[in-house]
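Same chain, two forms, each on its own as structure tokens: structure 1, then structure 2.
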Structure 1
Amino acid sequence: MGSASVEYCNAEEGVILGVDGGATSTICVCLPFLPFSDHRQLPDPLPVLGRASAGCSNHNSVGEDKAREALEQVIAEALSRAGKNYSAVLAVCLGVSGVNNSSDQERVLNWMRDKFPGHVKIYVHNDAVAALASGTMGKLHGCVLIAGTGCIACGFTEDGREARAAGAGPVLGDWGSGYGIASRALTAVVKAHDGRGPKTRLTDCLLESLGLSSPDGIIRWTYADPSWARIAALVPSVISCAEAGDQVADEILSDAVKELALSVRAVVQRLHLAGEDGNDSFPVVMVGGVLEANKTWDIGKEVTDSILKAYPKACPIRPKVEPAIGAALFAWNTMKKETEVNGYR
């Protein structure tokens, strides 16, 4: 290793920060700098020196001021809990939802440049990068499928290309998302009630979840609050109905599986992640409440099966660590590669 690397490795007090700025909250973790050259040598579990959470940092949702505030706050708190200050930081990766182009990246980078000493490595990406890295232990290669309140598939190649599918929000057809599943279930209840659709167990089940006495109340409940997460929270009820044999609920979940698998296939095809003959191996990291529901009707497993049918050598991964740790590992991995390159000069 070169001198830069040695400098970092010797900095035993040095830390790495990982930030995951999702749709509803922002998490920051502070890890010690890990002097291992390969992620297979990483300790398990990873030592977390400090962890903090704050509100949403997506500038599209909350505006630039609040987004900046959330990021600064969560970093300050994580450092404080770890008993470290800004000068101890060697590298930080921020995976922030709403960061979609270079001007978004530049803006967040400028906020951070004001906070950290000049030598600190700062990486700014979309939160999908944090999610992927949580499954690949920091490596930016493969496809990540995130299905929580929203859904998106993002792919990255080792030579730096990337592609996305879905992630356009509920108005633009993210039917595989928690919001998409739950809004279709609510629609099925309304349709059964007004005579446009078959009777379904979803009626009793969702009315009970919402504390409503009649489907007439659903319209008012739905539009009383524009929060997507509030609607997506009904997904477990939809799964329960499907498990109990309700055909309408079953069809909604099956359609969601198709949409999610289609998103992954679209990304894999555009980036040729499976190689020319479709037989190359690549990671598919699966993240988010919809894929991790741990129910008998297992959406994540169905999506995985569908992907493996198309790409037998795909490696589905359900990460054991949270995306914020993925972000920290990305920072560690990227910094390590950069210093290796410097060392070989």
Structure 2
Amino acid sequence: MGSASVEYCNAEEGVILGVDGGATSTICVCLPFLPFSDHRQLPDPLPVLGRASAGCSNHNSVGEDKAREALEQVIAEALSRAGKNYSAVLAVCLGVSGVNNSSDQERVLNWMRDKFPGHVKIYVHNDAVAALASGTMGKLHGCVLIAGTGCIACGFTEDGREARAAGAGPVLGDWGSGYGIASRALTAVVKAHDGRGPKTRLTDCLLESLGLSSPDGIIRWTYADPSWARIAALVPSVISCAEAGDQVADEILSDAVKELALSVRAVVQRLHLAGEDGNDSFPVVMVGGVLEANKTWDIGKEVTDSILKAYPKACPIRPKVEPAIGAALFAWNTMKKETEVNGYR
């Protein structure tokens, strides 16, 4: 840790990178290093020097080569747009979906060690960390619910314990995710077509969205490219059918709400975030396209209401900054703690 003090002394032109790597897109932001002693409160708005985006970086979805390529691309582009190079980086936090254990972390760390100088602090976590930090301004405490292409609930206590629920991908049951909602809608159309399920407005709506003339074409469309994001993109059609009164679509969304709320409750219970009596206050950060407000069928509001019914003092938060900035703030906060522990001021 001794070399860190040298770097901090030369940190005036240094930058911190935050990466949010999801199943649909990967974002990197470049922030100026904010001296610990001079900033008791972070500036609002935060100064973003550079920002870049690329495709999916979840290795489970696109493979290791494409995942690494996406991460390296956004980092290089964000630095270029900020007018900086790799030597200016003091720390980088990568919150990447699909990073679920130590071997996943080590894989991404090895990719990054090839790109950055040895002094750079590199933190690799699941994208839930970036999402939570976007609502807590870099602090790792509370619960985060991500519901986009995939879904996961993840919680952290102030003493470092953590727990997660869902986040195991579409095959293993992320039914509250965009993929889960859309895949159930596609299944409902197929079942209605062959007589195993009730007729549904989803049939005409999805056929129109996909440019198909018959439900028979759905099978070919689905397996031609079963990427998670491609299927999850159909969620707005499911919501519009539910808002129009379709019972099948309504049931699909209601089940998704139950799954998402259940994931949060599982994390809260395992970590005792609400205390022994369930009445302690704790943040619940809500992130992802599935949770964004709609006209009448508001999944995010329904999930929030369910959480508050179980934990009245929970504090739902819709972040004001994006998860990539949350990742950068997490890196800044972690560096600050490490410097304090090691006596560097």
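By convention here, residues take numbers in order along the sequence of structure 1, the first being 1. If you're wondering where the values come from, they're calculated on a predicted model, not measured in any experiment.
Here, the chain labelled structure 1 is taken from the form predicted together with a further copy of the same chain. In the motion between structures 1 and 2, where one rigid part swings relative to another, the hinge among 25, 230, 219, 140 is 140. A two-part rigid motion is described between structures 1 and 2, in which the smaller part turns by 12 degrees against the larger.
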